[in-house]
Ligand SMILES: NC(=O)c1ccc[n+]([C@@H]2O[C@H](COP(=O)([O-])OP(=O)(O)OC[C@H]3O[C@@H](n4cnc5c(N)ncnc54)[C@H](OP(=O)(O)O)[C@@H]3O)[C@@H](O)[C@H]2O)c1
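There is one chain below, alone, in structure tokens, taken in the form predicted on its own.
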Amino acid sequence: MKRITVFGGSGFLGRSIVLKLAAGGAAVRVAVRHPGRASHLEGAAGGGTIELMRADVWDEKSVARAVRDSGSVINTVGHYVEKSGATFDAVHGQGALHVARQAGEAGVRRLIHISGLGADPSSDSPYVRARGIGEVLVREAFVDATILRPSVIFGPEDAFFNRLSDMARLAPVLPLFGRGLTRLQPVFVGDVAQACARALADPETAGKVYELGGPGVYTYADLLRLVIERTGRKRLLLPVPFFVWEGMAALMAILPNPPLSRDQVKLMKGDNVVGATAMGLAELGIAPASVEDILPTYVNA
């Protein structure tokens, strides 16, 4: 198998993908801005090999070097909060274009682009809009790209349930976004990694879009209750109007690393679930793990 280059391979999802591919015997190149932060991956190659390389999706020359001699490319780079020059448009839009364009010019056979549920180039959410624009740019540069749109990704070291569990341990009252009725369909990080491996192995997935969600749909309040139960606490859930969240996010915007952004509040106003007619994990032959099965492995009292 020719080399597989994974952009963002040191991140939460990227690490899982790298280890999955290497365990299957692949030669994986991890393309990241700070290779030193991914050095621990080199000793966990399994039956394959793992190589680290410095690359920044905004620096197209470094992208070109990273995709050289690769048979497949996976782009996992993304973030929920804009920092300095790393805007949503720069990372999810132009950064995605750089990867797709250089993959095409290098003769790469397969490209998998990780997007997100609800990606829409006409959305009023800067994050969702940039994701949607990124998909359009990727398709223009690499027509046979496979696009995966996961819902909220969970698993050990995630930023979602771990943050909720920290809140449940420390705060006697847990605030809800509105009445906590926003619907989410969390998907296990291992299942998303498996989806990448299955897509690479099946040429029929080229040019297709898959929406990835777990077996259950929950309200935000439901998920908080699950976390509270796992931590063994008794906590009050307090509905908080969205205009209050928006005001808090506006005040936090002056902080170097705000814990909440206005765009994150906007995202919590809409459901994040797989479409009724969308292809998903089932079409990739994957039976998804549930929150109830995985959560006890890393969130406890």
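Everything numeric in this text was worked out from a predicted model, so none of it was measured. Numbering starts at 1 and runs along the sequence shown.
From this point on, the text means the form predicted in complex with this ligand, which you will not see here.
K.L.:
Hey, in the predicted complex, does G78 get a heavy atom within 4.5 angstroms of this ligand?
P.N.:
Answer yes; at least one heavy atom of G78 falls within 4.5 Å of this ligand in the predicted complex.
K.L.:
Applying a 4.5 Å heavy atom distance criterion, does L224 contact this ligand in the predicted complex?
P.N.:
Flag for L224 set to no.
K.L.:
Even though this ligand is not shown here, does G11 get within 4.5 Å of it in the predicted complex, heavy atoms only?
P.N.:
Answer yes; at least one heavy atom of G11 falls within 4.5 Å of this ligand in the predicted complex.
K.L.:
Tell me, yes or no, whether I114 is in contact with this ligand in the predicted complex, where a contact means a heavy atom of each within 4.5 Å.
P.N.:
Result yes; I114 sits at the interface with this ligand in the predicted complex.
K.L.:
State yes only if every one of R29, E51 and R198 has a non-hydrogen atom within 4.5 Å of this ligand in the predicted complex; otherwise state no.
P.N.:
No: no residue has a heavy atom within 4.5 Å of the partner.
K.L.:
Only one of Y127, Y218, F177, Y210 gets a heavy atom within 4.5 Å of this ligand in the predicted complex. Which one?
P.N.:
Residue within 4.5 Å of the partner: Y127.
K.L.:
In the predicted complex, which of the listed residues (I153, A119, I228, L97) lies with a heavy atom within 4.5 Å of this ligand?
P.N.:
Exactly one listed residue reaches within 4.5 Å, namely I153.
K.L.:
Look at the stretches 51 to 59, 66 to 74, 260 to 268, 243 to 251 and give the one with heavy atoms within 4.5 Å of this ligand in the predicted complex.
P.N.:
Checking each option against the 4.5 Å cut-off leaves 51 to 59.
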